[in-house]
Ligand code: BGC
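Given as structure tokens, the chain that follows is alone and in the form predicted on its own.
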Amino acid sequence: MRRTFAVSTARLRIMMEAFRGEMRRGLNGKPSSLRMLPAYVDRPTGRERGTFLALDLGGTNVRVLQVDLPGDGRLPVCAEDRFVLSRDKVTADGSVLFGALARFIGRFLRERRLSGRLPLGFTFSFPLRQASIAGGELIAWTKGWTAEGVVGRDVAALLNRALAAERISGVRVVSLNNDTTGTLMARAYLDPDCDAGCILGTGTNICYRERTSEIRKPVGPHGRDHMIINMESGNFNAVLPRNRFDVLLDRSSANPGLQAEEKMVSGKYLGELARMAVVELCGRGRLFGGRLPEIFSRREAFGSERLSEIEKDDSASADGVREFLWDWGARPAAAGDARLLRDVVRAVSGRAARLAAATLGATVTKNDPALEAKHSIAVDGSVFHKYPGFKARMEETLRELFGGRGGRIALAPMRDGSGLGAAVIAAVAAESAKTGGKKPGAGW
């Protein structure tokens, strides 16, 4: 299986060139697997200051934050509460969903005894089509959400309407972003070298800072020389080193033909790729004596968190892997079976780390081919933070691709950066509104 999931340096370089080509086509408005969506915001100066609210909607766990930005190089001060959306809230009518979000905000304000006019930055981690920093239309629901009456509508306007219905007059959405952009902005507030952001978790995506002059497709007004571009990079599909397991996984997925790169690197799919490889090996009689344990017999039952546990065991005897198999209901496994299972897992995750590193390398070298400058990439997500050795493998791949200059690409861990980033974006939007002659939150 190592050979099946192996990706050579030469193949990675070919993929990177294709990735940069897709970036250019997307910026020019030509057909591309990368959406290259303008975020209508540039990275912060670090001098933004004031108190802002943030709503971070990435899934059923919702965060509401109060963020005080000092604007003088000190760390922002954050207070947050977490709320849970029940299943019916994300599958009912959109008014039910946004009504629940408005009530979360109202509860946060009451418990924190906050009042007055508070600009709110809204992190909305679903595909958006934006024409300005202050609003954007939902392109399509993902993550199993089906709330009706939201697709094609401005989600910032829907939240403002729900806030008004709850008589929360002091809060208004002034900026809208996705989680990847928020992660970049949170890091960039204190790190002037940060010019890209990445999510490596259940899903994956990249955003980066681009010269406005490079955006040749029609976009809304943006008065700055640079803009953050949300690539929706998980959909990249050009010259990917797909194998038979990738093809089978795609065919059986809920979105065949889409999110090709995501299905090779993200936490939602790594476990299933490993499971299918185990099934094949067992069917050939090379693993578990040809008797497939129950944990591997059901689709998506072998999650990425199990892969992570397996990789924590570095022992020659693989006793830890054998214990995990026992805990998961498998019959006692031979040491050889445990080691082979670990090899399969390492092959799947190792390829994922190499592909993730290559796409980030392609991103920063689109505008800096010789890596003359330093590039800090803000990275968030469970795979990056929690998977053993994933970050180290990515860094090793960057050195392999760029030699000594690979050290100019720093992978900067950011935890829960999307909430803080939303507040930073709200501050940038408020400052832009002031310099444009408008007050932030005009229309209150």
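Here, rigid core means the biggest group of C-alpha atoms that superpose within 1.5 Å across both forms. Residue numbers run from 1 along the displayed sequence. Note that the structure is predicted; figures quoted are calculated from it, not measured.
Here the subject shifts to the form predicted in complex with the named molecule, a form of this protein not shown in this document.
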Worksheet item: Does at least one non-hydrogen atom of residue 331 fall within 4.5 angstroms of the named molecule in the predicted bound form?
Response: no
Discussion item. Please tell me whether any heavy atom belonging to residue 252 falls inside 4.5 Å of a heavy atom of the named molecule, as the geometry stands in the predicted bound form.
Written reply: no
Discussion item. Whether residue 367 contacts the named molecule in the predicted bound form should be assessed with a 4.5 Å heavy atom distance threshold; does it?
Written reply: no
Fill in: Contact flag, residue 127 vs the named molecule in the predicted bound form, heavy atom cut 4.5 Å
yes
Worksheet item: Is the named molecule close enough to 199, 203 and 259 in the predicted bound form that each of the three has a heavy atom within 4.5 Å of it?
Response: yes
Fill in: Interface residue in the predicted bound form among 142, 212, 297, 169, criterion: non-hydrogen atom within 4.5 angstroms of the named molecule
142
Worksheet item: Which of 304, 363, 178, 349 has a heavy atom within 4.5 Å of the named molecule in the predicted bound form?
Response: 178
Discussion item. Given a 4.5 Å cut-off on heavy atoms, tell me which of 158-166, 87-95, 119-127, 304-312 is the interface stretch with the named molecule in the predicted bound form.
Written reply: 119-127
Response to the item:
Across 215-236, the residues having a non-hydrogen atom within 4.5 Å of the named molecule in the predicted bound form turn out to be 232
Fill in: Flag for residue 144, CA shift 2 Å or larger between the shown form and the other one after aligning core
yes
Item to complete: Using a rigid core alignment, state whether the CA of residue 389 is displaced by 2 Å or more between the shown form and the other one.
Response: no
